[in-house]
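Just one chain is shown here, as structure tokens, and it is the form predicted alone.
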Amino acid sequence: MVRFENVHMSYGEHAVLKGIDLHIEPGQLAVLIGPSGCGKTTTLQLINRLITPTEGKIFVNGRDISTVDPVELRRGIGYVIQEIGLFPHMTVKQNIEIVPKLLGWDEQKRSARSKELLKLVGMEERYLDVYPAKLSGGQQQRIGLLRALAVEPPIVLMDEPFGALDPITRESLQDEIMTLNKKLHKTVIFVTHDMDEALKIADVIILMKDGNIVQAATPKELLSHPANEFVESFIGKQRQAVGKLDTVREVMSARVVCAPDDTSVVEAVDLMRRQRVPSVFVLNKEGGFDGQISIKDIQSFSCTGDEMISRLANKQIPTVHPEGSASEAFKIMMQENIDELPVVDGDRVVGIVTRRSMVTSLAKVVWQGEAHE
């Protein structure tokens, strides 16, 4: 864990931090965020003694870090920065193995660790002998992360690591850091200026302003119970609207169109035409959910008009429960690039979340019910 007790940081008469008290639990992914100059990067750099506080104490795993040799401290803390800092004259393998080599790991152990880490982020072993200049920005950032993880530190500090990347690569790496942390159970302290990034990846968000912590809370708590007007303003009205939509039931449409699995393709198309919908849900003999078939599915298959829709139905489509998280439903739709998401209770179809119902529900919250379909 990481704990700050009444930590102040000043440069001459300029106070950067003004009595910070902070407790980050083991295994948490904590995000420091706030406007420029709020003190978030200073807070991060204090943890591995890149700078020393003017006043107060910082504890890492129960030890006052002022009593720990800085080199020893940093060997137990991974550090990833936006500029990445890969050595251009070293191969990927050499970059990853810098700290293991300093710690005296033999070649066999270092090589095995490099291969294991590459596999962790889906990169092939052939990249071990490649120089950084031959890598994309996203690949370089992955190697920077792997270098920080090389000796399995319990704590990883990340200072706006994805800030310089394009949106698609950035989102991919956000997903990777979340997946990695579930596997590795590290304590990650992550600085960003992007509230959407914070809401996506954080277990706890620490919002700072003028050297103070304004609010430290889970993403859901921050969205639903902002501490003051500054927090509300920083989050933004639209993001708060998402936070106020707790369950799928609040965003789903109850208007669903179903057809038995012995319905023919011609009958299914006619049903879609009459109901003015692009797809229907397929029900099995017991009336339970058995998949979905759309006009796109029918067009992509070579089939006869009298063929049963049960053979063509998409049985792998994700579903959500009516009392499930609305934000998770939205996330599934975005990740899977689907326009409709069945809402299933037990094996019964009870509704559907569409992009339109999602937008309409958000609009009703933002404009307090003034927007209607």
Partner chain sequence: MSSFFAVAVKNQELILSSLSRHLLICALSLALGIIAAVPAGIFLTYRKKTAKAVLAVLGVINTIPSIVLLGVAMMIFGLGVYPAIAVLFLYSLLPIVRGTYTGILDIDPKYLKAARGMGMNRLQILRVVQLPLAMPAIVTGIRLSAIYVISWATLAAFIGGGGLGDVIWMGLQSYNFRLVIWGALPATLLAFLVSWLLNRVIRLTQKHISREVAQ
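Keep in mind that this is a model prediction, so the values were computed, not measured. Numbering follows the first chain given and starts at 1.
Although it is not shown, the form predicted in complex with its partner chain is what the next lines describe.
Visitor: At 4.5 Å by heavy atoms, is each residue in 71, 86 and 140 next to its partner chain in the predicted complex?
Guide: Yes: 71, 86 and 140 each sit within 4.5 Å of its partner chain in the predicted complex.
Visitor: Looking at heavy atoms inside 4.5 Å, which stretch does its partner chain contact in the predicted complex, given the options 112-120, 199-207, 260-268, 127-135?
Guide: Single hit among the candidates: 127-135.
Visitor: I need to confirm a contact call. Of 231, 99, 298, 223, which residue comes within 4.5 Å of its partner chain in the predicted complex, counting heavy atoms only?
Guide: Spelling it out, the residue with a heavy atom inside the cut-off is 99.
Visitor: Name the single residue among 319, 48, 28, 327 that comes within 4.5 Å of its partner chain in the predicted complex, judging by heavy atoms.
Guide: Checking each option against its partner chain in the predicted complex, the one that comes within 4.5 Å is 48.
Visitor: With the partner left out here, check for me: in the predicted complex, does some heavy atom of residue 79 sit within 4.5 Å of its partner chain?
Guide: Taking the distances in the predicted complex, the answer for residue 79 is yes, it comes within 4.5 Å of its partner chain.
Visitor: Quick check on residue 164: any heavy atom within 4.5 Å of its partner chain in the predicted complex?
Guide: Residue-level check for residue 164: no, no contact with its partner chain.
Visitor: Do residue 193 and its partner chain come within 4.5 Å of each other in the predicted complex, heavy atoms counted?
Guide: Looking in the predicted complex, residue contacts with its partner chain do not include residue 193, since no heavy atom lies within 4.5 Å.
Visitor: Would residue 214 sit within 4.5 Å of its partner chain in the predicted complex, counting heavy atoms only?
Guide: Flag for residue 214 set to no.
Visitor: Sequence order please: the residues of 156-176 with a heavy atom within 4.5 Å of its partner chain in the predicted complex.
Guide: If the 4.5 Å heavy-atom criterion is applied to its partner chain in the predicted complex, 156-176 yields nothing.
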